[in-house]
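Let us start with two forms of the same protein chain, each given on its own as structure tokens and named structure 1 and structure 2.
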Structure 1
Amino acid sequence: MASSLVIVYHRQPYEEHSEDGKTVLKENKSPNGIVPALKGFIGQVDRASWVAWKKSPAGKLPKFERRITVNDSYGSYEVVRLPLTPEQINQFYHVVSKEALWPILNSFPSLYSTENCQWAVFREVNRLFAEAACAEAAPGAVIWVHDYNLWLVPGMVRQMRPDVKIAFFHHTPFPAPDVFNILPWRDEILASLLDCDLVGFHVPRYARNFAALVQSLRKVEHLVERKVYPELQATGTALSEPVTPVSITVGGRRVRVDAFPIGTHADLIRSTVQKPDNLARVAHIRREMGGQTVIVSIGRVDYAKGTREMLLAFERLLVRRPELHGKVRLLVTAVAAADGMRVYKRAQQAIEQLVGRINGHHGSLTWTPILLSTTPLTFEETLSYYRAADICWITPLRDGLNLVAKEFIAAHVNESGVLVLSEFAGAAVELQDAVLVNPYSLSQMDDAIDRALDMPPQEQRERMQRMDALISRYDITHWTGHVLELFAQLRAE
């Protein structure tokens, strides 16, 4: 049977574990993130399919079934696993996506490189995804494509299946036209996106950048805009926008544009963190900290995440306020990148060296200022550290949204706490009660952490309560409903 909704995303919708020599599929440990959010749509449609890739040796038949049926708590759905060779994976994901496209998306053109890129391989992998999606789609189905490494899929699907509706969602930032247009493949990418029926983004700024890109490379016949929802009007900050595009018409064809940030499982986070085992873990963490002020920063190794800049700000804090020695501790999780990510390996080495330097210069035999982990925590461990922390310091140089900020708020269950958040994270347009900061400014970073450390408990609670109310209203269920309504409108056209 064909599917009414086909989700196209490079990751498989489960985790693979080896038990007794056999591969066992298990649901993702964390209910947050892109995969669980997308799986929430499976139970909302008659039949769903998911297209992903799986590593397979070159020149040999895959040692796995290409198509399987999965039954889990989200429902029953089909998974099509495309066998990609190590060479294809390297070019598609490690080289073209991360060395050429990722720096441009995050507005770091100085890090952009096409030296090792084989665009033909990238295009071929996109074609494999497109063919698989078309084979799964029922007449008039919605094919929902996710993220920049599948930018070419919509154009290919449109040629193969003109009857389907095509939606695309960017989980990343989207740069201004003068940065995007650095890409030598800009026309091919844009032509594919203009074959969509719907192009989605987290926040209005990225949607406006997309519309501006279209205007820079195409003759636009009609552009419809509306005022930004009040909840997303963070006037005076880096990503502020008063209006956002709703549709854009090029060559007689109208493309809908949507900007709506994904939510988190706020209720699930609250109930999880309040389980007896997790409350005991929180108490243990606090005892280990010995009454120190605990600052937590959870993320992964990536130059766009601003970990280096945050560590330098913490070092300046220890120099500027020596009375805090022995009274404050920074817990940093910077999950190491997968093998093959050369630029991330360099970033990881820089982080580890900087942490070593700060601990060596400012620590003592009885006090280590920074605790660093490059291995991921479990979902419940992460929530426990959020709950135990006094401050969450999330200051990326660029970020599509950042769910960590929302998770921290939910984990505190309306208690005191301070969120220090970069203006360049998409979530900043929603979380206006955070201590918003420009991470490129040394003085603003210094002022922000000082403000967080010195904020009175009553002000902390008031800010956290307002943010908690917002993330509860605009949670993952609300986002799912919003997207499903858009899909219904597409089918009705």
Structure 2
Amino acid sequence: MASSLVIVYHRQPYEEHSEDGKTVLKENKSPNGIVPALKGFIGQVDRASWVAWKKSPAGKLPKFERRITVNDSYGSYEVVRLPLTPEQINQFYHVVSKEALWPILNSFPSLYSTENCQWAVFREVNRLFAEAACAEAAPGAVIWVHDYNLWLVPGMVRQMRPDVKIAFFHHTPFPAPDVFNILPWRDEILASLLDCDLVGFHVPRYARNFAALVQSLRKVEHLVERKVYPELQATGTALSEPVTPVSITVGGRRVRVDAFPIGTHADLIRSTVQKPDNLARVAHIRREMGGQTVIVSIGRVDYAKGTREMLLAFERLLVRRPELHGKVRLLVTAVAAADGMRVYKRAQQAIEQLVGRINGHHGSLTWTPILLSTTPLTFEETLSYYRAADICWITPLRDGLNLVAKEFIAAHVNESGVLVLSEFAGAAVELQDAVLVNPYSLSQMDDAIDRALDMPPQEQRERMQRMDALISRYDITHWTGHVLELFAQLRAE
């Protein structure tokens, strides 16, 4: 099919399972924010296709279905699957992406390792994605590449298809040059990104870090910047920026740069959480909690998500305020990451041990302070826990944006509730009415959870209303419109 828009993201929108001899599509076991965002986007666009990988033990199996059509609540779209062997997946994703690139993106250089990396395999897999994207693209199409796993695709596509427009979106933070330049492959990655027509980020800080990287490695002829829109200024917080780059010209070639945070499905969340079944589940959860203050923290296992630091702060709370024993409960999800990554196994073990220690030390036969789930909830269950909670405690050490924060606000439908949010999550530059906190500071984390627990209901409602208005205005539909407008400008050039 010749698509006018080809989305290239390494994960498929759904996982395939075989049930009674039939193939059924299910949500990804390791949930992430990119998949719902791209489903929300692709469902609103005509003639779009999604290129992803699918494991295929020995290259292409005879019955390997390369192309499927997905019809879901978002719309109907084509998914083209690239057959990758387990060895390719391991190197491309588990090793190079997660052991080398992920720690650098999130500014954890002490966790960075290239010990097991085979960059040639990473490059080979990127080439397979580039070839599949070019085969999908109609003349003059837009090929929109997502996330760092596919950093080399733009440069390869530029060689293969000079007629197409190439856009890239970073769902992660983008680090300062002195961290990014640790990567031995920095020049190859940057050369590929400079072959894009548009490079996008969630917030201005990451766009400025990218511009600073270009200036550190290349001779920049023009750098055009503009003032940051008031909604994203957030002066005085860790990620605030007064200006953001609009374009960078290197070697006579101009690359547009954009900083525009993804929105959530605010209307879908509000309507779903208010369905009778979900309201009944919310009532059941509240009954189970027996009038205790409920704190929820939703996420997956990742050292960048700061779950360990949040649990330690909760432990200090129970020591500092013994009057809360039996009166507060922390519900945590830390969904096991995809198999095959040692660093994530260790992170999960640390979380499980910490929960065991805190429950063992502070709990009793009638009260368990922390409930932990390491398996994914359904979308409806997630929304019900957001709504049943009094506080949502989301304090990653680094996070490109964090859609959980926006989902919590949408699920509360303008009622009371408190969002405690890390200043180092991109969403913090939007959600100024959250209780913003520096998760690297123990005392600030302690003060933040105390403020959340002691916040008067009227102040809670006022803050939630302002944040609800913001996430409703800047939702996934708004983001889709913004991106499509940028693509229209690219096509007109």
Ligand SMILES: O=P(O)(O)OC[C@H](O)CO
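In this text, rigid core is short for the largest set of C-alphas that superpose within 1.5 Å between two forms. The first residue in the sequence of structure 1 is number 1, and each one after it adds one. What you see is a predicted model, and the numbers here were worked out from it, not measured in a lab.
Assignment of forms: the chain in structure 1 is the form predicted on its own, the chain in structure 2 is not. Taking the rigid core as fixed, one finds a CA shift for Glu485 smaller than 2 Å between the two structures. The rigid-core alignment places the CA of Tyr77 2 Å or more apart between the two structures. Taking the core as reference, the Cα of Ile68 moves 3.3 angstrom between the two structures. For Ser30, the CA shift between the two structures after superposing the rigid core equals 12.3 Å.
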